[in-house]
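Shown here is one chain on its own, the form predicted alone, set out as structure tokens.
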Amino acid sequence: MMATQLPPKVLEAIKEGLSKVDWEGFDKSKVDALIAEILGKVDAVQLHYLENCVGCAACAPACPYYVVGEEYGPVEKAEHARHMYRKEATILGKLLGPLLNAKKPSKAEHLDMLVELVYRCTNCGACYVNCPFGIDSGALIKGLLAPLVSRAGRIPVLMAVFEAAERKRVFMDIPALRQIWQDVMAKAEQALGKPLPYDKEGADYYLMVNLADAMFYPGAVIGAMRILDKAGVNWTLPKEPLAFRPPIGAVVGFGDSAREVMSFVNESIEKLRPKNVVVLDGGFVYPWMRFQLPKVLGRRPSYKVLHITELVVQLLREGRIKLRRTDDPVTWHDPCQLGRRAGVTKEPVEALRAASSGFRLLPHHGAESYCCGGGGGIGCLSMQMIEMMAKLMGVDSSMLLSGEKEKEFILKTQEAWSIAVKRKIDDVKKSGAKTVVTACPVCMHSIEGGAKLYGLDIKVVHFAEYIAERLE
């Protein structure tokens, strides 16, 4: 049931999101047209991924969902993209069809199977770094299969609604979400003891705080401000968040939406002419700001993008900040997008070693770090998250579910995650750490949930909050 107390612009966005959801139907002509469109945009790198996999499955043990079922191995999941590619784009595939495993979805059950495979992939990149031929199966699953199933209607309602709310920029019109932002900013002003430097032109550092940052780790938002203030640098931040967690469209395969959101974010930042943009979110937000944004713009942005871990190390080396060193038994979990995909692995370790003599590496770290199992949208697919977001929006949780079929899918995804996360929790347990520091809301949520599930008593903290608590 729609919540009529919400502002009209929010209701419009919700309706638009819901209009894209169809967990029951199947329109073959639409699916065929989508396949032709998606495959028509395949670039040379994706073509390599499609053509050159030999099916050796060397990547399989690296995948967090392979332990859930062999059908969730990277090769097995990505092979469904190759089925469509052979049928749509190769002469032999058109002629011989099933003999070459060249086929396209022909009924609803095929889409149901594909959407399950899409949400058994975190796009963590572990398959890529373990492949002897440099095949990135995650890029095929999230780059080709995700757009197909989402645009064909198999998209979780929660993600469809928030994609529309971010793209139409109405998320701050939801009273509870606006209140969260205002409360965090008020606490930040209290912590600094002075007004916050909103939207200042020509600053050296623009602290990019998104609404998801304020929601999921307010201590990190305040901590980052304390670090910048202590360093005495010229910094600023947005008066209101530019996005919820940009770009949500990329997670569900809506490329046009992702480009629209990122263009708006960049335009808003460039108006203020900062030299550097500092990102708190080490999930997909960071690589999109640093690596994908130039592709969206067709040029480099006018500023340099830094993750908060990179900035802290820079400030430590320059002597602008100093840390009170403790002996906490602490470790660092590399978010897959920040570490494996973006290469930011040494900076967090350097900073945490400076903060604690008790720092220790996880048995699997850096490029070999175990994924938490919650990326690629999987972390949002739980009844707990749906109920929490429905409460914040002021709607009944049933409005964020299309029906029993989607609910069954959500519950099955939750169960799969509970198996996939155990490998990460076991790795943390072997380290002996009592505190896990990381920098991604999904990683924090997943590790906290996994630790509770498997009885491991640890604290999970965002990097910025941990460092700020140890400033001299």
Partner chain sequence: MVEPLGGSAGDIYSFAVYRFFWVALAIFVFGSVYRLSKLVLRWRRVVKAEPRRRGAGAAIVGLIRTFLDPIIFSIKTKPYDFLAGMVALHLLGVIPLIFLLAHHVVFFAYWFPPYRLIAEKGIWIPLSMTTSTLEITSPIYPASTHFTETIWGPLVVILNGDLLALLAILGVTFKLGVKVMEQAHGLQHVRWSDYFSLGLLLFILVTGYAAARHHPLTDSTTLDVAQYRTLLGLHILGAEILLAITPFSKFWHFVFGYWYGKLHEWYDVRLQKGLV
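Residue numbers count along the first chain shown, from 1. Small disclaimer: the values here were computed from a predicted structure and weren't measured.
A second form of this protein, the form predicted together with the partner chain, is not displayed here; the remarks below concern that form.
- If you check the partner chain in the predicted bound form, you find a heavy atom from every one of V45, P61 and K103 within 4.5 Å.
- Residues of just one listed stretch (296-304, 388-396, 276-284, 245-253) have heavy atoms within 4.5 Å of the partner chain in the predicted bound form: 296-304.
- Though the partner chain is absent from this view, in the predicted bound form it lies within 4.5 Å of a heavy atom of just one residue from E310, D173, E260, D112, which is E310.
- The single contact residue among L272, M383, A191, V129, judged by any heavy atom lying within 4.5 Å of the partner chain in the predicted bound form, is V129.
- In the predicted bound form, the partner chain lies within 4.5 Å of some heavy atom of G339.
- A residue is said to contact a partner when one of its heavy atoms sits within 4.5 Å of a partner heavy atom; E70 meets this definition for the partner chain in the predicted bound form.
- In the predicted bound form, the partner chain lies within 4.5 Å of some heavy atom of L99.
- Although the partner is absent here, Y198 is not a contact residue: none of its heavy atoms lies within 4.5 angstroms of the partner chain in the predicted bound form.
- Contacts with the partner chain in the predicted bound form, taken as any heavy atom within 4.5 Å, map within 353-380 to A367, E368.
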